[in-house]
Structures are given as structure tokens and as C-alpha cells.
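In the form predicted alone, a lone chain appears below as C-alpha cells.
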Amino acid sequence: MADKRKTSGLSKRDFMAAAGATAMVAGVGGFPAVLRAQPANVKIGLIHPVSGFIAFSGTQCREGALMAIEDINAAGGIKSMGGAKLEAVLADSQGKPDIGAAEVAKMAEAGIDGIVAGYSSAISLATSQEAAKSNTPHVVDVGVSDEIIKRGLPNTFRFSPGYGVIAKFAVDNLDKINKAAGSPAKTAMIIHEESLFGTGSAGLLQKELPGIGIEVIEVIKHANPTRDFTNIALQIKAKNPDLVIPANYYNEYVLLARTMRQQKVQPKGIYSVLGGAASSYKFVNEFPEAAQYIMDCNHWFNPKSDIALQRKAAAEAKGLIYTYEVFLAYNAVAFLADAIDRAGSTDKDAVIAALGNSTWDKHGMPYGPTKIVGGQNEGGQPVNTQVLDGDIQVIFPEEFASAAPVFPMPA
């Protein structure tokens, strides 16, 4: 498919047709205004799991991406291409990598200009691999596996950090929090979901935690979905670790936290890494007692950024819960659109080159300008959050903090 390039003027045929049509309307007197042809839309594929066991998160991603497209179009579209509008092409991966890859193949055949996908790591691996076959620019919105970027696919980019960076950040800050409280935490249990995200996160933490004096006394993996955490909660109660570290998707995270509370499991802290609910206003609003004092290391917006606060207010005005899926997908689309604008074309090589040299900074995140190395934005970083009195506060890094950490949890 031919790329869509700058529309700096009209062809002779377009000019004559436009002038003739305008003359018929304007009649005599004065030179008629020249009508410009509307530039072709730029088609952005949005592939998310809007059905299946992670449908809530996938739907949140889709909503965030659509908000970005709406905002960009309202601001004039892709200006270097004559104001070309972004057009969303939607697909549902159903939470399954093979279906996500199949949707990429369909979109590539239809001439998609870029893809944002696919929430989970496993789906993002499949969609980016398939997109590489047609050299289609692909931006990962949420998937955190380091394998997504390590494969060296030239078409694949990630705006947010991967779990290698996040796990190191989480362990370093846990060490600071623990030492500041007199080092009460000496043991931990890790509870993780079974896919690439949870298994990879658990492996990294199991390796790193002994380095800060915390012994991992047990690692428990659970299936997706899991509908009853009673047995796991009782195992935690029997082992009595100082810390419980969950790494799972939203529904299972909420159920685990609620079951722990029902079974009166009282560790010194619940410290999540990419906790599926720990940094979610939905969880905090629906189950405030179970959420209170939970700490997380996760993607989060800069609470001191006007851009971030304006987008949060706009999302909430639409009735959305401002979860990390919303603002990460929003930024993934905006990051891709910025590259297309600077490329001045939908030529795939030009867009990929523009993504690779991006210094985009209109993201409202606790990042600097994007700094892409091998497809990964090395300017991105997570933050530590904690649920305090029905709100989610940033507790680290200090320059973005809105509250001080509370640890150990009050009995």
C-alpha cells in the first residue's frame, strides 16, 4: 500500500474541479476560494482483550487509546500531513495471543499504518512478532516482559519500562522503606499468576530480594482465572511472612486481598510489583478496607503534572476510572502519532525511524523526554504508590511524592 504523504497543494485536476464547483456556487464577482482535498485518514490498529478474563483491563486500554485519537484529531490531526485524521481500527484479542496475532495479519493485509497493542506481555509478544512480518510500526502499551524488546524487532517500541527495570526499582525502594522503619521485614512470600508476566516478575524478585536481606520463604503460582483464594490465604497465614508480594491481574488481586482480610492474614506489609489492583481507583473505591496501606511499584502518572491532571479529569468526566491502562494506552497512541507527524508520512521505514529518535515529552508521566534504545524508552520509570485513606499516593521517588510511606501497616 502506498504511503500517505504531505498534502502541500492540489493537483491541476483537483484545482480545476474545485474552482469549477466553487464558481457555480459563488456566481460572478471575485476569485472563488480554493477547496482543498481532505487528506486520507491515518489508520491506527488498536488490539486489546476486550472480552475474556482480562476484559476490564483491555477495555480500559481501548478507552485510553480512543481518548488520545479524539484529542489529537480535535487539535488538528497530523499537521505535517495536512491535518490528516487518525482513524481507529479496533480488534479484540479475547486475551489470547494467537487471536491477537491473527488480527494483526488482517490489519496488515488491509493496509494499517501503525498498531498499538496488546495489554498483556504474552499478547504483545505475538502481535509485535506478527507486525514485524509487514514492517508495521508497533507500540506496546502495557506489556512488561523484557523479551518483547530483547528480540530486536525493528518495528517494536515500548514507551513504558519493562519488568526488569521495574523489579530492580521495586527492590531498591523496598530496601529504603524497610530500613527507614528499622528493617522489620525479613521474610516474604510471592503469590503470582501463571503467565509470562507473573512468572517473570516472581523469578526476578526471588533472585533480588535476598540481596536486601529478605528471605523468600515460598513462591505460589495460581491459574488464570482463580475463583477461590482461601487455600492460598491459609498457606500464607501458616507461614506468617513479614511481606506478601502479589503479582497478578486485577480480578485475582482483588480476590486475594479480600480473602487475606477475611482470613485475618496480617503481614507487616503487602508490597506489590505491578499489582493488578494495588494501583487502581476501582479497587480502592469498591474495597477500601482491603486496599488500605497496600504498596505497589507500578506505572503511574506524575501527580504534579498539569497535563496528567487534565487528562485524568477528562477521563473521569467520561465516566472512566483513571487506571494505568488508560494513560499508558493514551500515551502509546500519542507517541506513535508524534512520530508520524515528524515523519510527515505513513511510510513505515520513516515512521520507525521517527519512533527511534523520539524525544517526545507531552506525556504527563514521571519521565523525561523519550530516549529510545533498541525500541525501549529508557527515559521511563515506575513509581511507588500506597493506598492511604481512600486515595492512591505516590511515595517514591521523592520529587514526585505526594505522601510519606506508612510501614509497617498499623494492626
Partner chain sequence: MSEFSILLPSLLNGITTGALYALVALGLTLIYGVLHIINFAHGSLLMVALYGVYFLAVGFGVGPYQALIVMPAAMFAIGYLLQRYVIGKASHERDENILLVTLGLSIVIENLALYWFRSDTRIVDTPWSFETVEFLGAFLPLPKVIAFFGALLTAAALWGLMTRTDLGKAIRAVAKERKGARLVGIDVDHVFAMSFGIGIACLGIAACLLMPSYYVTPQVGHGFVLIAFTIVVLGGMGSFVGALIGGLIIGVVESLGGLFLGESLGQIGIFAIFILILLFRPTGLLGHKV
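Worth saying up front: this structure is predicted, and the values here are computed from it rather than measured. Residue numbers count along the first chain shown, from 1.
From this point on, the text means the form predicted together with the partner chain, which you will not see here.
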Query raised in the report: Just one of 186, 85, 151, 258 has a heavy atom within 4.5 angstroms of the partner chain in the predicted complex, so which one?
Result: 258
Report summary line: Of 376, 346, 358, 59, the only residue with a heavy atom within 4.5 Å of the partner chain in the predicted complex is 59
Query raised in the report: So in the predicted complex, does any heavy atom of residue 264 sit within 4.5 Å of the partner chain?
Result: yes
Query raised in the report: Heavy atoms within 4.5 Å of the partner chain in the predicted complex: does residue 251 have any?
Result: yes
Requested in this report: Please check if residue 232 has a heavy atom lying within 4.5 Å of any heavy atom of the partner chain in the predicted complex.
Outcome: yes
Requested in this report: Report yes if any heavy atom of residue 221 sits within 4.5 Å of a heavy atom of the partner chain in the predicted complex; otherwise report no.
Outcome: yes
Report task. Decide yes or no: are 163, 168 and 325 jointly within 4.5 Å of the partner chain in the predicted complex, with each residue judged by its heavy atoms? Result -> no
Query raised in the report: When the partner chain is placed as it is in the predicted complex, which of 329-337, 153-161, 280-288, 203-211 ends up with heavy atoms within 4.5 Å of it?
Result: 280-288
Query - Within 47-80, the residues that have a heavy atom no more than 4.5 Å from the partner chain in the predicted complex - result: 50, 51, 52, 55, 56, 59, 60, 63
